[in-house]
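Just one chain follows, in the form predicted alone, and it is written as structure tokens.
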């Protein structure tokens, strides 16, 4: 079999790339190793209830009239109608550092500006200067790493404010310990503080079904349970792939959305793995579902809380299984316009050490017990911030970096991938390119735009 374009990986980046290709009546196939699409943003069922993975909130909200906004550019590129998604905006979110002032922000940038003016008046003029810098800054130029933390520290001279400003951006997209590339900072600053958070009215399953129906209506083909065993190439040109089943599919172009090192590992012989791979950051997440008649006094108008409970904020691989001293608390039902659910859900996310979880997973009983303990550790910290809810829990589920590695094949379960981003998607082959997290666009909208942009730049002009 010969196909003009193959896409490895059925996550959101791969789906968006495939839709863009199918728009031009090109024969394209998505090869997904699992039975379900979505990658990091998928779903599972427990007791006949659907639970989402990955989708806390989508960044880059934009109103209809803002034609240059990433969200609206994405919809145009995919020929998707906005009304199909029924977008629900966040209420407001909070940066909560123990013993210090909290900072609120929302989809109205004026709120965050007013919060900073009231609580950090001595640096407010510098914050206005930062926003002007971000407005004029092009984060998509090919440039070496530049420390965002150093830039902000020199600009503000206030370590607490710098940590509070960077905390949400790090948890939503930094693959570096205690820092971010200035380009990535600019992208995430715009996405979170200048545009804001939202989610579709339906579930992630509804969102995926909409995308795939749109794709298949244009003639695109999706193959699930279809693992790529190796990428076949001659010199610097790819000729096709061999599947785990032994089937060989030839192609003119290959787009991989599974990660740069993960793609190189499929080459025969395997390509060189980049040195920073061992520095990847892992995360642990727990879903708590509370009973319908919950009496817990949880915040009603807060969507996400980014918190830190220690004197100095540390965003790095912990020295234990997890570090609950900082993290993300999300209330997935707290978006304006979402239909009410029978039960309420809380989700916690913390940094975790992959190597410890991986070693422990060799003993299933010990691994499960440690997951239970981790959920308790997380909950104990959460309850100091949002109030007690333990007595109302009817279901909880924890997934570790090992879970993420198992279901997504992300090296070390690192959801933000390799710290070294390949902005042009070129890993040294004439007709093989990468898109997704390791290309450098982050978040759901960013990941999908990554797939679209690489198709636009590297594939469509050559076909």
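Residue numbers count along the first chain shown, from 1. Given the structure is predicted, the values throughout are model-derived calculations rather than measurements.
There is another form of the same protein, the form predicted in complex with a small molecule; it is not shown, and what comes next is about it.
- In the model of the complex, the small molecule lies farther than 4.5 Å from every heavy atom of residue 418.
- Shown alone here, residue 70 lies farther than 4.5 Å from the small molecule in the model of the complex, counting heavy atoms only.
- Using a 4.5 Å cutoff between non-hydrogen atoms, residue 34 counts as a contact of the small molecule in the model of the complex.
- Taking the partner from the other structure, the small molecule in the model of the complex has a heavy atom within 4.5 Å of a heavy atom of residue 444.
- Residue heavy atoms within 4.5 Å of the small molecule in the model of the complex occur in exactly one stretch of 422-430, 390-398, 407-415, 61-69, and that stretch is 407-415.
- No member of the trio 158, 281 and 352 reaches the small molecule in the model of the complex with any non-hydrogen atom inside 4.5 Å.
- Out of the listed residues 170, 258, 322, 255, 258 is the one that sits within 4.5 Å of the small molecule in the model of the complex by at least one heavy atom.
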